[in-house]
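Heads up, the chain below is alone and in the form predicted on its own; it's given as structure tokens.
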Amino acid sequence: MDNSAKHLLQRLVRRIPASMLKSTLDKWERLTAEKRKSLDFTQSKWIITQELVALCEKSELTVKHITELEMIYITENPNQGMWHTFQLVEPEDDAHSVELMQFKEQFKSHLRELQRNVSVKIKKHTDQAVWIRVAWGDGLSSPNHLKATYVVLYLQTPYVFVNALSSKHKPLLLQALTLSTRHQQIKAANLSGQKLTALRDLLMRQYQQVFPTKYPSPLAESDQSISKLRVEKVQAEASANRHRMAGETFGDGMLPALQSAVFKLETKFKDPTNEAMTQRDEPFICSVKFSSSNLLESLRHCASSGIASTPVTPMLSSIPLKGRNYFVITDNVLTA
């Protein structure tokens, strides 16, 4: 093992939780069962790391083998780092027929034409996702495996998920993806977060949705006198109506754990009691950010409990509808 392989292995072992280290190494299978059994996982992480480096040196493992271990850990634990989404548009006639082997060959070929000294590893996961690991170099230096970019896409779908991509390498990666998937363009999907599974479920509608049987509307006023109605019945009907509207907007069951949404507002200030602000010629500009461990679940609860009014405002209902968490609102028109 050279120094770069040692450094990569040491950093990776420190990154993997101690409770997951043994199972991750078992899936790797680059070390024999006997060598894996020789490791005492009750010891400190520092000692385990030193022993593991020594075993890998005896087995003459290289950077290529260590990157395999990293991919195993990342694919099994994707909800880390910051993931950004892109959408492929304008597919060519044969875009739907692109297969994995064809994609692998063309992606590597296109990327290496654009960038010298680049290391690419592609693996198909059990959920049919294609995982790509790209370590970038340049004309004078070898690929930097300590700062690899990860890409996840599902062939025959337009969505691409990218982690740890620098602005310098962004146009190169996007061009290679566009060409190898037989599309004309690729654009930002305006959706990002730390939980890859949540972004995927939201964009691909892989969560339990509720479809309205009629257009959401406020409860109609009863022609009967309120005094003749039981208060409990009115409250029950109002609660059921709120739950129906919340379900129609955000779906039912478990929701994708989106963590934040940002709205950039650019509109006129309307307040008859504040003439100074109302008469301003310049638009009123501000940003509003919603944050939660599960934003969609929080918004659904606000609507169903009556904290937020129903029908749900288009500003909030646009998050699951458009599958984005960044919006620009100009003159009360929602854009993204």
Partner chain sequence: PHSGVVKRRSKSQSYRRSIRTCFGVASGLGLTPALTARRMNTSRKAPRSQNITEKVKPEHLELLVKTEWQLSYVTPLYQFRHTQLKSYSRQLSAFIAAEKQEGLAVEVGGLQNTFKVSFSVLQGLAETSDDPETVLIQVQSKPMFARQEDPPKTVWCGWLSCINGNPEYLQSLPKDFTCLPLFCSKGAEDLSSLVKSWLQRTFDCCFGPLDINQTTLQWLAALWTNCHMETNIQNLKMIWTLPVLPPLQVTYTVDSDDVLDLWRSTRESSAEKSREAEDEVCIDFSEVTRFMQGLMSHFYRHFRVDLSAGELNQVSSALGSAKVNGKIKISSSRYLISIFSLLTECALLKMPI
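The shown structure was predicted, so the numbers you read here are calculated from the model rather than taken from an experiment. Positions refer to the first chain, counted from 1.
Missing here is the form predicted in complex with its partner chain; even so, the following discussion is about that form.
A.B. asks: Counting only non-hydrogen atoms and a 4.5 Å threshold, tell me whether Ala33, Ser109 and Arg112 all contact its partner chain in the model of the complex.
C.D. replies: No residue of the spot touches its partner chain in the model of the complex.
A.B. asks: Going by heavy atom distances of 4.5 angstroms or less, which of Ser59, Gln50, Gln43, Ser298 would be at the interface with its partner chain in the model of the complex?
C.D. replies: Only one option qualifies, and that one is Ser298.
A.B. asks: Can you pick the one in Phe263, Tyr73, Trp83, Phe103 that has a heavy atom within 4.5 Å of its partner chain in the model of the complex?
C.D. replies: Comparing distances to its partner chain in the model of the complex, the residue within 4.5 Å is Phe263.
A.B. asks: Since only the chain is shown here, I'm wondering whether Phe290 would be in contact with its partner chain in the model of the complex (any heavy atom pair within 4.5 Å).
C.D. replies: Judged by the heavy-atom cut-off of 4.5 Å, Phe290 is in contact with its partner chain in the model of the complex.
A.B. asks: Quick one: does Lys270 come within 4.5 Å of its partner chain in the model of the complex, counting heavy atoms only?
C.D. replies: Judged by the heavy-atom cut-off of 4.5 Å, Lys270 is in contact with its partner chain in the model of the complex.
A.B. asks: Does any part of Ala276 reach within 4.5 Å of its partner chain in the model of the complex? Heavy atoms only, please.
C.D. replies: Judged by the heavy-atom cut-off of 4.5 Å, Ala276 is in contact with its partner chain in the model of the complex.
A.B. asks: Going by a heavy atom distance of 4.5 Å, is Ala54 a contact of its partner chain in the model of the complex?
C.D. replies: Heavy-atom contact with its partner chain at 4.5 Å: absent for Ala54.
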